[in-house]
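One chain comes next, on its own, written as structure tokens: the form predicted alone.
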Amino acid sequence: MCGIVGYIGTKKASPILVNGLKRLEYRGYDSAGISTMEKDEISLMKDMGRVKNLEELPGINDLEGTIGIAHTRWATHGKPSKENSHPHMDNSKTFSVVHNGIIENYESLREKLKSEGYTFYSDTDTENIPNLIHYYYQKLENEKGIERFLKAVRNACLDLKGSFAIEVICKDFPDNMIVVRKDSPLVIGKADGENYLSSDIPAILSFTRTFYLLDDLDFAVLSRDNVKFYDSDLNPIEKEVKSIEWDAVGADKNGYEDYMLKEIYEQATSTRETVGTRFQGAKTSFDELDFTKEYLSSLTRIYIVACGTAMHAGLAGKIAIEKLSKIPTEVDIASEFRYRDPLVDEKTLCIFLTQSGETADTIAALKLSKAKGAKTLAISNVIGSSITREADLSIYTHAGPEIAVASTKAYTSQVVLMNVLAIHMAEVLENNDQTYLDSLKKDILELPEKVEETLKISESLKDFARKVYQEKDVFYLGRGVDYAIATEGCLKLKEISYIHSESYAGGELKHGTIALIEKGITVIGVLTDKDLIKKSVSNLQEVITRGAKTLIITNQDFDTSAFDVVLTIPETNTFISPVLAVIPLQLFAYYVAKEKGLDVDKPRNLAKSVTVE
């Protein structure tokens, strides 16, 4: 995730920056830092750990600069360390930069800059940015004034592939700051004789309620009393000022009615940041893991152990791991796994999925697996959580904080990371066609845009939700990975609408469940696996014959005339179809619960983290 703050005005910048970082600390807490303009040079102060560590650094209260930038980090590339923390400066210490996002082509940029004589002191993708700005700045020595600074930033940004929100200060222009964003959030708060910047509005809402909202590749040149905007060709543009009238809770929700809705709409960002820089050059990158071909070849099985929504993500992960790495994989419920003396030994890899990293049953299952000699891998959304301290190995999703009890973006982030892990294992084993793996990588990198498209399509579900919100029973059907999707969609409806719902593998319909199908009952079908379409359609025809009304989620081309409502989502690889297909099901559950007037963020009897048995 990461959070950035900026200030340009007449007050001391450092306390404003630190206060803003505290408000953004949920975005990252493995390191924090600030840069301020101090007379004719840039001051840089940063440290590992939480913002309080930065606040306690000797000399930070002596900073007098009235222009500054700040960052709180959640590591996506490069381990947590002082060297990898932001801000980063170029070799000449002319520029200081903070960055939120992922630079996908950082390796090739680094090699290019090294060939030009630049030295790197961190493992981050971000350190490329100030050096790249300096590289172009040197080439623009005939340019006059602020245009030289602006063009250098613009030229550098055009070389970047990926997502970024960037703040830049330059010692040659001590009264200015330049900012730009692409696919990562950044807002400018306007006040009298000063301007504030942040990843999120709430961090600076106490200073101003007047904001500029930047679009992709909008460049802004800030002074104390003015902001000038330019497009990517550096043509001047006008930006409308927005007045934000939020209360404190509304601010935290970024204007959404509920946390759950906000988190559903954050899935493009959480997907992009979870993938991060895992795809580097020809192979996937998991520096945290010590998987060798010899070790993976020795495994007799893999267990994926989890609870609830995380277990459903595990069902999707099992399919990807088995198909790509060809290692037998089982998914088990943590609360059952630990009590049945599972067949686990040193030839077993046990993967534990948990959003919070504090799920009691999952942690207990991990301890049992370690005692039996298995290698343990934790996948969590929270750095430093209990399970990551217990596990042999840990990797992280980067969904950011999930406040609503019903999980949404954590689920899709888990599915994405499981697929990237499956690709990595296949590449280490060298037992799959690399061309196919590269194609899957491409599909994964395209997911954020397709998530955004799916979110727009899914709004049409409101009308269907109004028709069914008073029903007592709803059934979900799917085959293969579509069954995994159906189980998660079904759980969402149970959790927040309190409607009884059940999910079934389509082939099980005739083995008892069809006795419950009667006229007027709602059946929701997921059909994204082209190899199973005919069989799935056949199952759904059976419920239609018995009077059921049907909602279909699909990205395949077939005759859908028999169904009542058909929602067509973007096509993608079957392994990652849960990321797109679950979004309509999340929103359907949300709309149904809202029709019933329920609290979607805090459903009855449920807690966000189950920390006791």
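So that there is no doubt, residue numbering starts at 1 and follows the sequence shown. Here the structure is a predicted model, which means the values were calculated and not measured.
One more form of this protein exists, namely the form predicted in complex with fructose -6-phosphate (F6R); it is left out here, but the text below deals with it.
Undergrad: Among Cys307, Val474, Ala391, Ala422, which has at least one heavy atom within 4.5 Å of fructose -6-phosphate (F6R) in the model of the complex?
TA: Spelling it out, the residue with a heavy atom inside the cut-off is Cys307.
Undergrad: Of Ser407, Asn100, Thr412, Thr528, which residue is found within 4.5 angstroms of fructose -6-phosphate (F6R) in the model of the complex when only non-hydrogen atoms are counted?
TA: After the contact test, the surviving option is Ser407.
Undergrad: Would fructose -6-phosphate (F6R) be touched by all three of Met45, Thr124 and Thr126 in the model of the complex, meaning a heavy atom each within 4.5 Å?
TA: Not a single listed residue reaches fructose -6-phosphate (F6R) in the model of the complex, so no.
Undergrad: Please tell me whether any heavy atom belonging to Asn431 falls inside 4.5 Å of a heavy atom of fructose -6-phosphate (F6R), as the geometry stands in the model of the complex.
TA: Asn431: no, not in contact with fructose -6-phosphate (F6R) in the model of the complex.
Undergrad: Does His71 reach fructose -6-phosphate (F6R) in the model of the complex if we count a contact as any heavy atom within 4.5 Å?
TA: Contact with fructose -6-phosphate (F6R), no.
Undergrad: How about Ser356 - does it come within 4.5 Å of fructose -6-phosphate (F6R) in the model of the complex, if we only consider non-hydrogen atoms?
TA: So Ser356 counts as contacting fructose -6-phosphate (F6R).
Undergrad: If we define contact as a non-hydrogen atom of the residue within 4.5 angstroms of the partner, is Glu263 a contact of fructose -6-phosphate (F6R) in the model of the complex?
TA: Because no heavy atom of Glu263 falls inside 4.5 Å of fructose -6-phosphate (F6R) in the model of the complex, the answer is no.
Undergrad: Where does fructose -6-phosphate (F6R) sit in the model of the complex: which of 183-191, 152-160, 199-207, 347-355, heavy atoms within 4.5 Å?
TA: Contact criterion met by 347-355 only.
Undergrad: Residue by residue through 481-496, which ones have a non-hydrogen atom no more than 4.5 angstroms from fructose -6-phosphate (F6R) in the model of the complex?
TA: Contacts from 481-496: Leu491, Lys492, Glu495.
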